[in-house]
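One chain is shown next in structure tokens, namely the form predicted alone.
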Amino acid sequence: MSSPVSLTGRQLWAGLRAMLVATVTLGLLYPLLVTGIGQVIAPDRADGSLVHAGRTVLGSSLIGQGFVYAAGNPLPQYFQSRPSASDYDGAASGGSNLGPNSPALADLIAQRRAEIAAFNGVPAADVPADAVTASASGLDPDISPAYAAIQVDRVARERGVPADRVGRLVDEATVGRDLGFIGAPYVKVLELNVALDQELP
């Protein structure tokens, strides 16, 4: 008959072996396998859907960013993204936690609407909802076609080109509904701004 001490020792050793096997299998082999499959099937997505200009990484098509001066003022020659409660910081991703009945949120939306209308030279009534509200993550990289449309004339004026040339680039950066009926069309802001710099410097 085994002593309680030796039985405990065998159980500890069996538990340690199980932990080592699980650690190697689930912590090393499985991630390597999934990463390898991702690199073969969809290397661009596996690497973070990065957007390049030559060899320079400009960002990810999955994460929004601000197109602003160092002081935070928007760059008028670029299309602007949705507002971000986290200032586009992936480490602090999240919303403002202000509810629909919040007076602070209503005041913030009114302020944003007035600023965006003035910045783009359009009536406040033309400013769409996504221009004045942050997404739940604060990192939404896309805007609605309506928000892009009110920015076309400003961008064209700042770049000294006809508005229809800018509008063409907006059309090329617009993604339609999935299968023609699922979801809403959207404009990829980063890709659009990269195209502006490449075609309308």
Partner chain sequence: MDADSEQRWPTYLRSVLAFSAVGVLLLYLLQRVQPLLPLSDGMAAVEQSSAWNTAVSFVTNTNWQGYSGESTMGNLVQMAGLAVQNFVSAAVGITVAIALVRGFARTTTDRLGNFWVDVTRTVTRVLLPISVVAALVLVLGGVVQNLSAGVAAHTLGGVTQFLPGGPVASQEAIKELGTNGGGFFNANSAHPFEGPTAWVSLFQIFLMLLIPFALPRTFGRMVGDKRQGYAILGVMAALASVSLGLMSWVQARSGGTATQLAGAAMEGQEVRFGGPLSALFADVTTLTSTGAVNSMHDSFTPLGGGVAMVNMMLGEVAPGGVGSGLYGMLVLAVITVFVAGLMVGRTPEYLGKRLGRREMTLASLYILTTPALVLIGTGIAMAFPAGRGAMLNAGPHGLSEVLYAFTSAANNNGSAFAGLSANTPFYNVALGLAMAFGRFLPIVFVLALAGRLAVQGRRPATVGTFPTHRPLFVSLLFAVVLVVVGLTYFPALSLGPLAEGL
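In this text, all values refer to a predicted model and were calculated from it rather than measured experimentally. Positions refer to the first chain, counted from 1.
Form predicted together with its partner chain: not shown, discussed below.
In the model of the complex, its partner chain sits beyond 4.5 Å of every heavy atom of residue 198. Contact check for residue 123: no non-hydrogen atom falls within 4.5 Å of its partner chain in the model of the complex. Contact check for residue 76: every heavy atom lies farther than 4.5 Å from its partner chain in the model of the complex. At least one heavy atom of residue 132 is located within 4.5 Å of its partner chain in the model of the complex.
For the stretch 165-191, the set of residues having any non-hydrogen atom within 4.5 angstroms of its partner chain in the model of the complex comprises 178, 182, 183, 184, 185, 186, 190, in sequence order.
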